[in-house]
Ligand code: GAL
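Here you get one chain, nothing else, as C-alpha cells; it is the form predicted alone.
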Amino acid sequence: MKAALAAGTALLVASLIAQTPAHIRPGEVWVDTSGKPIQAHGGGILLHGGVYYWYGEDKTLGNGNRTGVSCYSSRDLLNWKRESLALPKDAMPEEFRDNGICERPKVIYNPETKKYVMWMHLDDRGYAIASAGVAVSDNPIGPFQFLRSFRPIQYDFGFAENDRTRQAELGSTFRDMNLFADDDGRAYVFYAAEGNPTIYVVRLSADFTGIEAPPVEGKTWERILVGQSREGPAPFKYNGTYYVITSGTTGWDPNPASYAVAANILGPWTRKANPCVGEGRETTFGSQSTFVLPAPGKPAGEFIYMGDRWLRNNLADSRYVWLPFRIEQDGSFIIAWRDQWDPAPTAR
C-alpha cells in the first residue's frame, strides 16, 4: 500500500512539474496555475511591487462582453495565477454587457492618489458608441469601480455626412487603445480615432481618470499617423525616444505591423517599416499588437512584443504571441519568430 501511495504521489508531482512552463511558447495554449486556459485577450501588463499583473478580455463565452476583464499575476512571466474578474460585466453600464463590447483593458498606477486606473474601449455590437471607459480600484486585482464612459476629444476633421457615430456631437471615436506612463510622472492614452484612420495621443489628468483640461492640440494632445488607418497601438520608450507599434485595420485578420518613432510624445512621429523578419512577417506571425513590456532582468533596450492571435470562430481559444526584441544603436529593431524562449533574467 505504501509503495502504491508513494508511486501515486510521485506521478502527481511529475504531472505538476510537467505542467509548469519552462519557456514562453508563442501561439500555443497557455494555462494558468490551475490548469485552465488563460483568458486575457487584448490585454496589457502592470508591474507593481515586483509582481506582473496581466489584464485582458475574458472570452470564455465568446464575443462581446459576456464575462468581463480578468486579472492574472506572475513573478516570472511563465506561471500565471488567476486572481480575479477585476471588472465584471455587471459592474458596467448595461449597453456594454453581453452583446456590448469591452476591449483592450489597460491599467496604470497613480502614485499620488494610490489608485489603480483602468481604461478600456467600450462599444455596442455595431461599433457606433466607440467610447472610452474608466474604472478605479485600491487594489491591483480589483474589484474596479466603473466611473464613466466618454469620448475624450472633440475635433472637426471633416465629418462624413450622416455619420452614424455622431462625432460632430460626441467627439471623435475611441477604439483600439493603450496607456503609457512617462518617466516624468505624466500619463497618456493612445487610441484609434476619427473612425480609425488616425491615432490620437492625449495627456491624462493628474489623477489619470480623465484628460488634461482644457485640451489643446499640439500641447496636451495630438493627431498622429494621420490617414494611415492604424490600430492596436503599443507604445514604449527607450533612450529618450518614443516608439509605437501598430497594426493595419483588417478586423480579425492579421496584417503587417509597422512602428513609428518620435523625440516628443506629441510628435512629429515618423513611421518606419514592418519590424518583423522571416516567414510570417506579412501577418506579424499571425498576431495583432496589444502591448510592449520592458524585458525583466535584461539589459536596457530589451523588450517583449505582446500580440493576440485572434481565432474569430472560437475567440476563447485565441492565442498569445509574445516575442523578445532589442533596440539597436541606430534606434531600429527587428522581431523574429521563436518557437520558444526563456524570459528569465540574464545572469550577471
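Here the structure is a predicted model, which means the values were calculated and not measured. Heads up: residue numbers just count along the shown sequence, starting at 1.
Note that the form predicted in complex with this ligand isn't included here; everything after this is about it.
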Would you classify residue 127 as touching this ligand in the model of the complex, given a 4.5 Å non-hydrogen atom cut-off? yes
Is the gap between residue 83 and this ligand in the model of the complex 4.5 Å or less for some heavy atom pair? no
Consider residue 288 of the chain shown here, and say whether it contacts this ligand in the model of the complex, taking contact as heavy atoms within 4.5 Å. yes
Heavy atom to heavy atom, is residue 194 within 4.5 Å of this ligand in the model of the complex? no
From 268, 251, 185, 278: within 4.5 Å of this ligand in the model of the complex by heavy atoms is 251
Would you point out which of 204-212, 72-80, 130-138, 98-106 contains residues with a non-hydrogen atom within 4.5 Å of this ligand in the model of the complex? 98-106
Do any residues of 149-178 have a non-hydrogen atom within 4.5 angstroms of this ligand in the model of the complex? If so, which ones, in sequence order? 176
